[in-house]
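Before any questions on binding or motion, here is one chain by itself as structure tokens, the form predicted alone.
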Amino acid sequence: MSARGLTWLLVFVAALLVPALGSRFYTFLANDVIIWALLATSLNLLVGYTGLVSFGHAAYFGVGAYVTGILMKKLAVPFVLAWPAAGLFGAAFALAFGFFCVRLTRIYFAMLTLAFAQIVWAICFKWNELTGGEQGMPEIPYPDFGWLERVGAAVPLLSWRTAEYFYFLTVALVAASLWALHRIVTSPFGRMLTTIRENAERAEFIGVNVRRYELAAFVLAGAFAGLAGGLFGIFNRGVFPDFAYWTKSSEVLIMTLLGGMGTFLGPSIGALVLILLNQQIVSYTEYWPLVLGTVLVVLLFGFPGGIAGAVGVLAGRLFRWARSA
């Protein structure tokens, strides 16, 4: 096993041990970080690898959350079908919106993604019969863990609360999703996206259909954002219109920039750092937006390549120093 594979395995095992080593609060916090890490990594496929800055990524997050909530709460569809449906609907909306968005570039692309996201938010906010309107859709049920609870009753070591069973399920599903995203970005398709990011005109000159690749990346990013939204709705025990609001898009964009766009691990690091900063600052002062904004400005100026980029530079310098010594 490679060093990178061993690192990911250790992170996966550490995540599984959180309920055993920490309190319920830390399990809740870890669940939040893991879901946001998937959302930020899906956005990184656009921003970091394709060079497309989206201000409306939360739309597919919200669509996935509502699809899973409606199917599980109103139609009693099992989680094993409702969660993949979140990804499919996220991809379908991304295909419809992306068909128009990829025809534009730079700021025009970004503003059009924001416009479509606001349309999704308005539908969620106003369609009372389907989405619950302004009040949202509370009391989304957990998946059925009946067989696990029976095993836990027979084997005390495996006895956990329903929320912790859902945490283990989230860890497994997000790990599988991140593995799939890693395979995508390291494939020839992913390398072509990087080529388009570096010089779209040159890629077109050699015969690459740039718009088709950008649309494919847009759809894949929407699909994984929908999957993240499906998990978040259950974790949050409710789905609300602000899931699709532009502020959610800004949060996930900050995570991607803070961790290091264009690096696969960066968005996950950004999600961890931003959520921990938010938790700590809120507990100390009511002026947490001001303090958090100041900290983020310092971090972004101090580490223009993101935290992951800074760690990579530091590791390279240490390696060169060790070789010279």
Partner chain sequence: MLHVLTMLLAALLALPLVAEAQKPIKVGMPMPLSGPPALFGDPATKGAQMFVDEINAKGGVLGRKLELLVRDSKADANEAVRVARELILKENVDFLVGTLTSAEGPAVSVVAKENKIVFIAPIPKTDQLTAADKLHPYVFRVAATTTMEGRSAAEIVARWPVTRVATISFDYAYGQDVTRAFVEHLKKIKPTVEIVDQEWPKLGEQDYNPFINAQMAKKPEAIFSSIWGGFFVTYSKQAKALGVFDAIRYNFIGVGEAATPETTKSMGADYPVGIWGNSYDAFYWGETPAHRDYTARLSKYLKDEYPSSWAIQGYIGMQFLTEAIKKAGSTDSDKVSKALLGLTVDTPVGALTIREKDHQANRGQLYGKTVKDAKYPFAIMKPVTYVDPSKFMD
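Residue numbers count along the first chain shown, from 1. Keep in mind that this is a model prediction, so the values were computed, not measured.
As for the form predicted in complex with its partner chain, it is not shown, yet the points below apply to it.
When you look in the model of the complex, the only residue of D144, E198, E201, E139 with a non-hydrogen atom within 4.5 Å of its partner chain is E139. In the model of the complex, no heavy atom of F301 sits within 4.5 Å of its partner chain.
Residue contact with its partner chain in the model of the complex: K126 places a heavy atom within 4.5 Å of it. Put simply, Q135 is close to its partner chain in the model of the complex: some heavy atom of it is within 4.5 Å. In the model of the complex, F218 stays away from its partner chain, with no heavy atom inside 4.5 Å.
For its partner chain in the model of the complex, the listed stretch (79 to 87, 218 to 226, 238 to 246, 167 to 175) containing residues with heavy atoms inside 4.5 Å is 238 to 246. Shown without its partner, the chain has R24, F25, F28 in segment 12 to 29 as residues with a non-hydrogen atom within 4.5 angstroms of its partner chain in the model of the complex.
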